[in-house]
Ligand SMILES: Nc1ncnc2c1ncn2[C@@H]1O[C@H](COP(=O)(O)OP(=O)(O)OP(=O)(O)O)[C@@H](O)[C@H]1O
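First, one chain by itself: the form predicted on its own, in structure tokens.
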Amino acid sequence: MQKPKVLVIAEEKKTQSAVTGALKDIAIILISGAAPEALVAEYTENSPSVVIVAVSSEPAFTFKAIADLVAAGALVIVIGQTKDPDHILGAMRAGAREFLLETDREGLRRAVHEHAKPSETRGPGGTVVSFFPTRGGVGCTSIATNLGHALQKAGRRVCVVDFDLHLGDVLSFLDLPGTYSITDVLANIGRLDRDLLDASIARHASGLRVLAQSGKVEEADHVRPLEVSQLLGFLRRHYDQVLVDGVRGFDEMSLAALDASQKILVVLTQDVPAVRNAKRCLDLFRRLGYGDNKVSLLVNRFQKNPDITARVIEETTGLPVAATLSNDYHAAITAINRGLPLQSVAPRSRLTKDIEQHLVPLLAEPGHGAGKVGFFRNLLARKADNGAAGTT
């Protein structure tokens, strides 16, 4: 049976060594090297079963870090040099499960045995999939909503997140009212469990959940890049698939969503601007550290005999086409205007079948690991890349 992963956050080397010595035979120990503002990104990337946090020389910062980690779905055990009542109370209020003396070797082993499940049974949570358009109008929102419906129909727990915080269309595509917004979830993330989350955000008749900024556009600018990573890590703990629409370009918000994704579907059509942009995007993704196993090409409105074939696209971009979706404008626009999934409007359409037979299995494939590069890592290099892309 595989050992559970334990992430240790401690500023003192002797504390790191004490925890490692106590747990090395029962757990895989990861010593945090992240800056305080990047702890959530590090947690999301490594998906440990348990996080052990040592009270630092500045307890207030420790408790803030604990609260952020708990909000992202972490199970936190706190250790301290003494059982200071203020430290214990602060840790519990921040959401920690236990407070132990760092010298309590047996207590630490018991806590890890009790709270940590091996990664082969617990798993890192669901999969975050971001749709990245190569230009406007390639159909990302339609694909995201209909794929979400197909996955839900296949027995998955699915949430579609609309990160176009000002003019997102996901709610309209499914004829859903705006209810609990993204900023609402972020404000209450430490108090939401699965049942309360399900009851709060918009629910389609199929069971598909949708989280958008709704009508609270005035609050959209309050969402920070770090919170994007935090939100997607939290949702990943509660849903099998989290489908992210509204990611466009290479600004910090988009990069945060892409970093937190296990899969990026680059959506293009069979025209020269879309294919050229796809090549530029893939080149930039590679410079950002995203492996080709994380990025897939998806050709929408595919036609079999145009000048730009799937082979031309593959030769131009250097990446195989993972899936194609048939061109059925009538079915697609009818579904959009009626606020219904394609399955309800045109169950026999080739487009409907392509989503069910090509995209659903694509997301079921193993090996969709997260990229190795975190959002806050190499940020200056990313900005340089971003500038270079703008001059291409």
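Nothing here was measured: the structure is a model prediction, and the numbers come from that model. Counting begins at 1, following the sequence as shown.
Omitted here: the form predicted in complex with the named molecule. The next part is about that form.
Discussion item. When the contact criterion is heavy atoms within 4.5 Å, does F173 count as touching the named molecule in the predicted complex?
Written reply: F173: yes, in contact with the named molecule in the predicted complex.
Worksheet item: Any chance A60 has a heavy atom within 4.5 Å of the named molecule in the predicted complex?
Response: No, A60 stays farther than 4.5 Å from the named molecule in the predicted complex.
Worksheet item: With the cut-off set at 4.5 Å between non-hydrogen atoms, does L351 touch the named molecule in the predicted complex?
Response: Within the cut-off, so yes.
Practice prompt. Check whether S229 has any heavy atom within 4.5 Å of a heavy atom of the named molecule in the predicted complex, and answer yes or no.
Written response: S229: no, not in contact with the named molecule in the predicted complex.
Practice prompt. May I ask you to choose, among G125, G139, G73, G90, the residue with a heavy atom within 4.5 Å of the named molecule in the predicted complex?
Written response: Checking each option against the named molecule in the predicted complex, the one that comes within 4.5 Å is G139.
Fill in: I336, A67, L363, A27 - the one with a heavy atom within 4.5 Å of the named molecule in the predicted complex
Result of the distance check: I336.
Discussion item. Between the named molecule and R248, R301 and D328, in the predicted complex, does every residue show a non-hydrogen atom at 4.5 Å or closer?
Written reply: So, yes: the whole triplet contacts the named molecule.
Worksheet entry | the named molecule in the predicted complex: contacting segment from 130-138, 233-241, 313-321, 96-104, heavy atom within 4.5 Å | After filtering at 4.5 Å, what remains is 130-138.
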